Ligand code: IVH
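So this first bit is one chain, no partners, the form predicted alone, shown in structure tokens.
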Amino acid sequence: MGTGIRPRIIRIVAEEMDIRGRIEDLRELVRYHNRRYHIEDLPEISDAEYDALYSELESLETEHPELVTPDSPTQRVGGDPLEQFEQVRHAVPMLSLANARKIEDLREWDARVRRLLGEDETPRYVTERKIDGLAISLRYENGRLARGATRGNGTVGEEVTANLRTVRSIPEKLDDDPPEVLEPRGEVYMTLAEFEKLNRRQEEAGKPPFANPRNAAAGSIRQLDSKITARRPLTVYLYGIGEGGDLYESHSGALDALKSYGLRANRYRLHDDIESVIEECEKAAGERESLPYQIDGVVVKVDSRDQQRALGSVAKAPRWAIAYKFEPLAGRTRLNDIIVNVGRTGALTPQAVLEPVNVGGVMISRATLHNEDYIKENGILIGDEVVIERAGDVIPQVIKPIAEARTGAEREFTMPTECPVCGEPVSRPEGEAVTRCVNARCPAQALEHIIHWAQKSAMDIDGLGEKLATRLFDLGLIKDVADVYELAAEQLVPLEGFGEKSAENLIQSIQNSKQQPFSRVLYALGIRHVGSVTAQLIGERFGGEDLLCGVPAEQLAEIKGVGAVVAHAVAEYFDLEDNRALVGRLMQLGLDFEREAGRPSEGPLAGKRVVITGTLSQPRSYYVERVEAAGGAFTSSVSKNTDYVLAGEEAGSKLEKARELGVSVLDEAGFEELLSQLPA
């Protein structure tokens, strides 16, 4: 062996050991900070610092895929979709609980427990808030997550391991010294704030909202595609142990042990008598609305494991535990009127104006009706007596009308044809549930347009983020995107956090954005359905002057890669006088509205139109880039001119239309195979 080869081998090995060591260090750091944030609610570093650690780990693992392990924190993104769930038989049955509807039921249960234990035994009780989620069981073997399952019928559940691995508050690896086999059990749930965000996204996408956080959590865990689950904001509280539970002398001791292993165990309180338990139940009922998650009661358990064994079970419920259930937060009142609110994205949402009614201690006078279809499908009329429920114990919504209480004076609701805020015509595209205002200068949505305009993928105005845009908008310094270009440094300097230099930097960044090509400007206008790729296709055929003069939807639809839905949205946008006035101002301010030079259409997919639909393993932009790199064109809607449809999970109507038209449908594997078979 040459004299230079051995030192080089040693150097390479040393470098690999350094990289492996850094990856292991990063994994431990990310796991530690995950635990502090998601399990202990005590974060030690900022989100940006955490993101930096995670990104470094992700980059190193990308460069060195041979060092990736299944329990790495980066592997919580989900795997390949399943055809169905496997069944799992629980080693220890997951029993249901008897319910106490009244305080007196708790006293009667206490009396039974004392009678069964005998005079020599005095029970001590544990109370826990009963979180309304999906019951699950985790199995750890030698400290590592081996399996996760739903409760099912209590004896047999469904294996949902891949989905549960995506929940950040469920660690892949336990701390301390756990037993060889440990089976923690608990509830996967969604916080109320995250539930509201998820439903807003559902409605903006024209999809039906989830009824409550429990349904949202259950639906998320039972997805056959774990990548969908990974995008849902789920967390967990564990309330007990199945297999391995006999190692602990008390229930409270088992919960403490779960915490020591790095698991998110439910909070509990100990009580020496039933009156103390009753006080806790009444306190919890009063606090249920201030909690960040939904609870529907309090679980009361005998703490001693020996006493639990002595009490045993009856049918499918243990004698040593009971659930005190709260009264549902519902009421009945008169629907006096339906008004329409305009959201930040232009969505028109009908809202019920109610005769004030007390629901769970809160006076309700307004409630959501979601959309026009919801009102029609549920047969709700103005003037009806209706049932009101507080979804998630927080969001009031009209559940159903009391048809038998009608007098004949009730009347139907009709969605307005003009925006209630700006008076411009509204639009409801075929196949969508949401009616929208498309006026970019509508006061109800102007701020959202400004935020979108400044984003990196649009005009890339460095320094003008969401917080600053909101601040300038609230101060009245900007009312639309054109106002951004009329800002002066002297307006910014007096504001807190600004100096002369920072003000000048922002103004310079704003001026620099005028150099962005027309396709960026078109995308930044926020026209519905117009993404960056579509904007580029349109910008290669027409300039701003053309669109202002009025290009018919039929002509826009002739552009290769632009479908009828997009064409209609663009034509509709430029039909509106306010939108044309805004574009005219932007032209006068010096932005680029010139038609762009076309791109060469060369490559293995040259002349092919590809539609991408559903949920895939990578971001949509990844597939768009692959299509374009191969010379193809990405289009947003399926037509007889479409060549291929790349379909992921929840593909929906586009997939159905492709099958009707006989268009070739590809899954991800088929897409990769197609690209590999085509000539370079």
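Only a predicted model underlies this, so the values are computations on that prediction, with no experimental measurement involved. Heads up: residue numbers just count along the shown sequence, starting at 1.
Only in words, not in the display: the form predicted together with 2-(butylsulfanyl)adenosine, which the text now covers.
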query	finding
Residues Tyr239, Val299 and Trp320 all lining 2-(butylsulfanyl)adenosine in the predicted bound form, heavy atom within 4.5 Å	yes
Which of 455-463, 536-544, 96-104, 428-436 lines the interface with 2-(butylsulfanyl)adenosine in the predicted bound form (heavy atom within 4.5 Å)	96-104
Among the candidates Arg165, Lys227, Arg151, Arg139, the residue which, in the predicted bound form, approaches 2-(butylsulfanyl)adenosine to within 4.5 Å (heavy atoms)	Arg151
In the predicted bound form, the one of Lys130, Arg390, His370, Arg264 near 2-(butylsulfanyl)adenosine [non-hydrogen atom within 4.5 angstroms]	Lys130
Heavy atom of Glu596 within 4.5 Å of 2-(butylsulfanyl)adenosine in the predicted bound form	no
Ala218, heavy atom within 4.5 angstroms of 2-(butylsulfanyl)adenosine in the predicted bound form	no
Close approach of Val493 to 2-(butylsulfanyl)adenosine in the predicted bound form, 4.5 Å, heavy atom	no
4.5 Å heavy atom contact, Glu187 and 2-(butylsulfanyl)adenosine in the predicted bound form	yes
